[in-house]
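Form predicted alone, single chain, as structure tokens, below.
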């Protein structure tokens, strides 16, 4: 089969070449990959990956062989999937706990953009407990994860406070369910039950300061690329700041994601934003150009009949 593997010095740090066929473990299904959408984490991890590694967490496709242990989707079923590597290839092995059956009419491109962003948002929101009638802060609300968090929190009955520096996106966030939209955290004047932060740096520090007693910040991203510096005394509690916490998050360690992904794939009105579709042979040049996108997500369609490059 063909697949992209890391190749230091090559365009985009990748090479499209012949790879060994996957050898699924008993708990893994063999999937024919139809589409994948590179996530920021995929791209950030390329430089640190050993030569010859096959990157790519998630995507969509068809089960060629079900897991030998008898669990998960059957052969021939359309699925969306998530794994820690191996997604940028014509075929891959995926744990059945990270493989979900998809609706028959869902486009491959739509399914490919759901696993990491939507499932991260859903699992982060669940960590906040019941949010019905409570104020939930989403920092970095125009990111793929952030826009999902806004929608899912609003569906759960939360009063969503969205932070987005691009004022032109504020009305779109209101349409997704945000009750308040701010350019910065400085204009948020009321405490919140919980926060989901995709930015890090001073945004994480400020989000923590906005928590009411018992509140939690889920540290889900680090787009700021800056240190989190808390002032002296930030963790000294009084009756108005007791029991606040910051929780780290890693989707790859979350158990039993199949049901979550299946639930999300079956929501026809979940807004995934604009999708720009490209042939998968353009992946390396796209990365080399800085992974540009007009808006929304870029999805690569896998050509199953492609021949090895000369």
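Everything numeric in this text was worked out from a predicted model, so none of it was measured. Residue numbers count along the first chain shown, from 1.
Absent from the display: the form predicted in complex with a small molecule. The rest refers to it.
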item	value
Position in contact with the small molecule when the complex is considered in the predicted bound form, options 92, 135, 96, 203, heavy atoms within 4.5 Å	203
Answer option from 217, 145, 192, 114, heavy atom within 4.5 Å of the small molecule in the predicted bound form	145
The small molecule in the predicted bound form: contacted by all of 60, 100 and 262, heavy atom 4.5 Å	no
Residue 17: touches the small molecule in the predicted bound form, heavy atom cutoff 4.5 angstroms	no
4.5 angstroms heavy atom contact with the small molecule in the predicted bound form for residue 110	no
Distance check, residue 154 to the small molecule in the predicted bound form, heavy atom within 4.5 Å	no
Partner contact for residue 166 in the predicted bound form: the small molecule, 4.5 angstroms, heavy atom	yes
Location of the small molecule contact in the predicted bound form, chosen stretch of 192 to 200, 102 to 110, 77 to 85, 174 to 182 [non-hydrogen atom, 4.5 Å]	192 to 200
